[in-house]
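Next up, structure tokens for two forms of one chain, structure 1 and then structure 2.
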Structure 1
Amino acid sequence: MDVNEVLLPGVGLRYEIPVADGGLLGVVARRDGEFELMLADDDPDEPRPLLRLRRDEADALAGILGAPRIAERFADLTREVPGLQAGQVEVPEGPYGGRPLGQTRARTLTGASIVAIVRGEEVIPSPGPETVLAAGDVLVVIGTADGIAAVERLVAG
């Protein structure tokens, strides 16, 4: 399936997916971490808004629809948006081992998003706030260089 990507300066990326019953499904991955779903009948520049999702809602939907694909798109986003980077942060023995990811408030405090957790051979894509962290987990983080560094300081305590 062809997925067209359109850079929306200052906003993020729009993915356009032709759907079988006609039209074009648009998914806007906003720089603020939210997502918008749109449907265009004929003109992709005049889509009808369907739904706006907060990050946690988009994570839940991505988990249902296929999170690994979404994680790939986040990696693409780092190539398309100047200043956006992907990084890895290891969770040390410290304040967050054994605690839910949501308790870190990482996105709120740093502006960076944790898009996956690597735990040994297992990858947890789009972890929700209820996902419990363990020492040794590697967090896949998307954000600015400063945001990624702030996540590292945060989880270190």
Structure 2
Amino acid sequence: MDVNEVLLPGVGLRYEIPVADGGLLGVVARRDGEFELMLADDDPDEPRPLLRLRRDEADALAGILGAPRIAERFADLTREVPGLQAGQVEVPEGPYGGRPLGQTRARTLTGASIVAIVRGEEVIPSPGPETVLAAGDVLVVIGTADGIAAVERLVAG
């Protein structure tokens, strides 16, 4: 898949994705966090504007579009690397609800990585150390079986 990246000085970036369904899908990521989608199917110079998304709307859309992909990729990855597993760990009402992910020091202590957080219908892919956990979150963990079990014990407190 070739994604073309065009710099829009002062405004942001434009990604151009050829879609098999026809035309060129343009995604403008504006500096202020908003997104614009457009489709060039008639005049390549002037794509048809499709949609404008606020920051939170774009997040929600990305979560929906990205969710199945994340699971798929992990399945591939764990099949390719022997000993590597993906697991799900629920965050209980415990010491880490309401605190940032970084404070669990999960990777340092267990060697396993938390690659996504599933919160209700929302998926937070590649959460950073500053991402705040909530009780009921499901952590998608990649690591050895021992490592995943250790993360489970860790978040239980």
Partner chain sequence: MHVSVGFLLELGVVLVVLSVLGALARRFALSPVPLYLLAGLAVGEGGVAELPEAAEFVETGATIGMVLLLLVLGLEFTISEFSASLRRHLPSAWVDLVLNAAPGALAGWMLGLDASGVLALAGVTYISSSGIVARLLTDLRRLGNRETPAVLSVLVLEDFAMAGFLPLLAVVAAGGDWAQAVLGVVLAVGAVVLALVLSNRWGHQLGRVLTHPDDEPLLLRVLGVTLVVAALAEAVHVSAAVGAFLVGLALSGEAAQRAREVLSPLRDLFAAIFFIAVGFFVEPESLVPLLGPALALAAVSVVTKVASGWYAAGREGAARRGRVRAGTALVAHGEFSLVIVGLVGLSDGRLGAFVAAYVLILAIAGPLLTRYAPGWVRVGGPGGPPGRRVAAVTA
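Predicted model, so just to flag it, every value in this text is computed and none were measured. Only the largest set of C-alpha atoms that superpose within 1.5 Å between the two forms is called the rigid core. Residues are numbered by position in structure 1's sequence, first residue being 1.
Asker: I need to confirm something. Of structure 1 and structure 2, which is the form predicted alone?
Answerer: Only structure 1 matches the form predicted alone.
Asker: Can we say the CA of residue 44 moves by at least 2 Å between the two structures when the core is superposed?
Answerer: Yes: residue 44 shifts by at least 2 Å between the two structures.
Asker: Does superposing the core leave residue 13 with a CA shift of 2 Å or more between the two structures?
Answerer: Yes, because once the rigid core is superposed, the C-alpha of residue 13 moves 2 Å or more between the two structures.
Asker: Honestly, after the rigid core fit, is residue 54 moving at least 2 Å at Cα between the two structures?
Answerer: Residue 54 C-alpha, core-superposed: shift of 2 Å or more.
Asker: Once both forms sit on the same core, give the Cα displacement of residue 23 between the two structures in angstrom.
Answerer: Between its two positions, the C-alpha of residue 23 lies 25.9 Å apart after core fitting.
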